[in-house]
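One chain comes next, on its own, written out as structure tokens in the form predicted on its own.
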Amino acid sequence: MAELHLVPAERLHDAVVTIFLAAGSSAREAGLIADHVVEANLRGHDSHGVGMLPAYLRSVAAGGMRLNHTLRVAIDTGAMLVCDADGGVGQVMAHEAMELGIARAREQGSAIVSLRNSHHIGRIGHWAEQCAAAGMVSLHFVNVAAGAYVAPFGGSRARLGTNPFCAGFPRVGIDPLIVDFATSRLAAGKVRVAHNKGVQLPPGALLDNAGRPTLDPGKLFETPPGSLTTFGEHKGWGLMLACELLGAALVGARTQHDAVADGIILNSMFSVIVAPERLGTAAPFASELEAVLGWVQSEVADGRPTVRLPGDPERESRAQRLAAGIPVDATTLEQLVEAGRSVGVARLGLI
């Protein structure tokens, strides 16, 4: 297993900002990227954290990730906005699309916002959290057009991406309830993290390039690559397909319909945003939400609920990692240092 280093969150944030400023990003763009990826690390989702930077910089060099790009509203029907990202930085494009959707939901009670053809938008829970902070309930269906990584249920060859789904529910005076997961058993980034750490995957998550079950994360990155499996068998497969069609096909965005993989990660996201306050249902919504959560957590052992809510592990991880530092394996640290050097940053001061 690779050696782990504990790096303070502030130091990681500064390193990300430094790298993207050197790459040509504005201060605002570099800050939004850093906010997002470091928060992903804090929440325990290293798959969407600073380890993504080398891939991002390769995309910049290849022209697939456009720095300092401006989001464009391509279609506005009043009830629905379709925003064109055209390869813009996902952490900026999604942030701005959610701002537009939140404003529209405040006006009308609800809004549908489609973000199409953005560069990688990262941890989808981040966008549900943005909506929840504004008092909004939100749903997000996302496609991943970056090469086929996941085999459909019943298949042995990859056909679609990891296509995440997310739902967010604000709570009064407490962190929101965020349901956020890939429709594959594991996100591709989690396989990369396991590969860098030198650890095996859980059974049933990956097939090798001959369609045989494997625990070796490196099998996903061979030529030809292996395939991830769907969560929940046919149910995860059905939701994965729905994310592809809602997130991308419905609004004319790029879908994953062949085996082409050019190293560039594109996401399209179909979001439904609802304002309980505007609808006049905020009080009963808050009351019934807490009633449901209290009921499902009513079994107690040793003074604590035996059932955990979505987001509980992330909150615990955040508290621990803010106090002790974010664990980053030596391989990922070396890749970050090399990423910095590729844009002229000689020292990052990470270790």
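So that there is no doubt, residue numbering starts at 1 and follows the sequence shown. None of the values given here were measured: they were computed from a predicted structure.
Keep in mind the form predicted in complex with a small molecule is missing from the figure; the text below concerns it.
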Open item on the list: Whether residue 28 contacts the small molecule in the predicted complex should be assessed with a 4.5 Å heavy atom distance threshold; does it?
Closed with: no
- [ ] Could you confirm whether residue 89 comes within 4.5 Å of the small molecule in the predicted complex, counting heavy atoms only?
- [x] no
Open item on the list: Is residue 64 part of the interface with the small molecule in the predicted complex - any heavy atom within 4.5 Å?
Closed with: no
TODO: Indicate whether the small molecule has at least one heavy atom within 4.5 Å of a heavy atom of residue 118 in the predicted complex.
DONE: no
Task: Contact check for 124, 187 and 308 against the small molecule in the predicted complex, heavy atom at 4.5 Å - done: yes
Open item on the list: Give me the residue from 83, 94, 206, 144 that has a heavy atom within 4.5 Å of the small molecule in the predicted complex.
Closed with: 144
TODO: Using heavy atoms only and a 4.5 Å cut-off, determine which of 178, 98, 275, 160 is in contact with the small molecule in the predicted complex.
DONE: 178
Open item on the list: At 4.5 Å between heavy atoms, only one of the stretches 322 to 330, 278 to 286, 65 to 73, 45 to 53 reaches the small molecule in the predicted complex; which one is it?
Closed with: 45 to 53
